[in-house]
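Shown next as structure tokens: one chain only, the form predicted alone.
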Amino acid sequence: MKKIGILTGGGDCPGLNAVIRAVVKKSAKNNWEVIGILDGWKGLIEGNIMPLTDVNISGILPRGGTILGTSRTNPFKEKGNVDAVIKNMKKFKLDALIVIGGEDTLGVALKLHKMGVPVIGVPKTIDNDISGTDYTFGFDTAVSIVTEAIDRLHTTAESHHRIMVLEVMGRHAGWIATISGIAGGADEILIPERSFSIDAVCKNLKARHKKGKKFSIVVVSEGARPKDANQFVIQSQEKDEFGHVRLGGIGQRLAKEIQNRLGIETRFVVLGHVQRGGSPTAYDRVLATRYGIAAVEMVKDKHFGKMVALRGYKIVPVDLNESVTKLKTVDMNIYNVATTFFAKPHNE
């Protein structure tokens, strides 16, 4: 009987439980045992596990978050932690490890694979910035939540004749801002891939209001950079174990600047963790389920060092190296769809 370990690392994300459920269900068909590792890599370092059976996974499909818990622990951060990971893999007699996470979590999986650990990756992030796959689960849910927020902001902005600035997640990639901005009819979308001019943004909004429009919606990624700034707007200098600072503040700064320059009342909203909380959409439930089943099939075929990925309508294995060497940033052809609805292109 094979014994598979499974862990969830990094930020929580709608659809994680759907993957876990699928792995357990598919493994049961093969008469394999599944061991859940608690709190990401931290659990494998400390040896905290729980057996996963039909009882554990009953009713978890629509639940957000992860029943296994998660953390941003990096085993390569402190000496001895990697040895502890390998030691516990042997202690629990794990034949393979399914790792669900984003670039950092999968980056650890790749390093361990190169050391001989049999790992399979499952891409997870609401940012949709993992290379090698068309979509990551969690993204559709986040876009749905942000789009609903934009719809709600439209009504209050129009009633009070305000400009509303909505700050959304997106450190290096502006997929959430771009797709939800298009879906919600935003009047400006600012993303990390293209630094923006505050002068151009204000000129754009002013031109819109001159046409008789009495409100505007601006969607900005947390990692968007003004051309007159050399670094991200950050909340804190404190870094996590993968070296990331906590971003935030661009929405507030932008709203203040717009109001000062245009004399139009401008408010900002930071959507924050609401974007990745709650139940996954139907699309994310299905995608996560397909990923979980495919991951077990890859264990069976011994396709270690690879990640399940969506290419078109098919789930295929791709090298983990492809997924972590560079981020998947916004396709400018898609972003240009959004600019069609701006009052003026920024380069005018």
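For every residue, the number given is its place in the sequence shown, counted from 1. Keep in mind the model is a prediction, meaning the values are calculated, not measured.
A second form of this protein, the form predicted in complex with 6-O-phosphono-beta-D-fructofuranose (F6P), is not displayed here; the remarks below concern that form.
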Considering 6-O-phosphono-beta-D-fructofuranose (F6P) in the model of the complex, which of 204, 125, 133, 141 comes within 4.5 Å of it through any heavy atom? 125
Residue within 4.5 Å of 6-O-phosphono-beta-D-fructofuranose (F6P) in the model of the complex by heavy atom, from 186, 165, 169, 109, is 169
Taking the partner as it appears in the model of the complex, which of 143-151, 189-197, 268-276, 86-94 has residues with heavy atoms within 4.5 Å of 6-O-phosphono-beta-D-fructofuranose (F6P)? 268-276
Since only the chain is shown here, I'm wondering whether residue 261 would be in contact with 6-O-phosphono-beta-D-fructofuranose (F6P) in the model of the complex (any heavy atom pair within 4.5 Å). no
May I ask you to state whether residue 72 is within 4.5 Å of 6-O-phosphono-beta-D-fructofuranose (F6P) in the model of the complex, using heavy atom distances? yes
Sequence order please: the residues of 175-201 with a heavy atom within 4.5 Å of 6-O-phosphono-beta-D-fructofuranose (F6P) in the model of the complex. none
